[in-house]
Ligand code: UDP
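One chain comes next, on its own, written out as structure tokens in the form predicted alone.
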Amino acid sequence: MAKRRRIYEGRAKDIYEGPEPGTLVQHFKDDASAFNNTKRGTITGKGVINNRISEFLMSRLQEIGVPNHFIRRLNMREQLVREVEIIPIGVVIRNVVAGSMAKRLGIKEGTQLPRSIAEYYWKNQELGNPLVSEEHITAFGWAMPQDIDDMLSLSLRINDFLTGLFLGVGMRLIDFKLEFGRYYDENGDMRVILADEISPDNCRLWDSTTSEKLDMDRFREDLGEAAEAYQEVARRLGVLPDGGELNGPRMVQ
């Protein structure tokens, strides 16, 4: 079997050429990093868990009409996705003050925001992925105004859906980061779709009763039991790998 060509090596995922034109293979790793890659480590089994969680959430989003790059899961660590032209802007939706927002604004972590806030970050690791405005994005040509409108509209819709889904299994969606790409269909028509992943790597998830952190912050803040937290998220969603089929979420009273 010919060795696949790796197209991109990331912190948490590698991207390989796909079996068919217009497809890619997304490989999830156990590598963990924080603070713009200055802190590195491993969370055992994270890649397997994130593959299942992202498969489940991307599939549910497709069911409600949110376009994304997911096609199907290939194995425990890989999934087949549509090839897109990644827009170099990360969209962060914040529902509760946490992380960099708390430090930047001096507001106590855990403060409920009066409404969801969208922030944009330029994907430039050398500069620490700086916070930017819509004016920066359009002035430097990183995205067009219509791209921004599409990304924001999809992000807010995703937030509404995921907030309810996670709350139903006993978790609060504090904030999360999304990436988008330009997808060109067989007719050459372009539309902006969701790409990358949705998992505890890019979502802050707190237990709705105890506020226990169930995400990458356990690694960032040296809280311990990061692998167990990821497993708990998967367990509540009903997708913990056990050799069986994909199950639905388990309700928490």
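For clarity, every value in this text was computed on a predicted model and none was experimentally measured. Start at 1 and count along the sequence shown; that's the residue number.
Keep in mind the form predicted together with this ligand is missing from the figure; the text below concerns it.
Of the candidates I89, V132, A98, V84, A98 is the one whose heavy atoms come within 4.5 Å of this ligand in the predicted complex; the others do not. A heavy atom within 4.5 Å of this ligand in the predicted complex is found for exactly one of R60, K29, R220, R40: R220. Not displayed here, this ligand is approached by R204 to within 4.5 Å at the level of heavy atoms in the predicted complex. F180 falls outside the set of residues with a heavy atom inside 4.5 Å of this ligand in the predicted complex. For F166, no non-hydrogen atom is located within 4.5 Å of this ligand in the predicted complex, even though that partner is not displayed. At least one heavy atom of R94 is located within 4.5 Å of this ligand in the predicted complex. Look at 136-144, 121-129, 152-160, 75-83: in the predicted complex, residues with non-hydrogen atoms within 4.5 angstroms of this ligand sit in 121-129. With contact defined as any non-hydrogen atom lying within 4.5 angstroms of this ligand in the predicted complex, the contacting residues in 165-187 are D175, F176, K177, given in sequence order.
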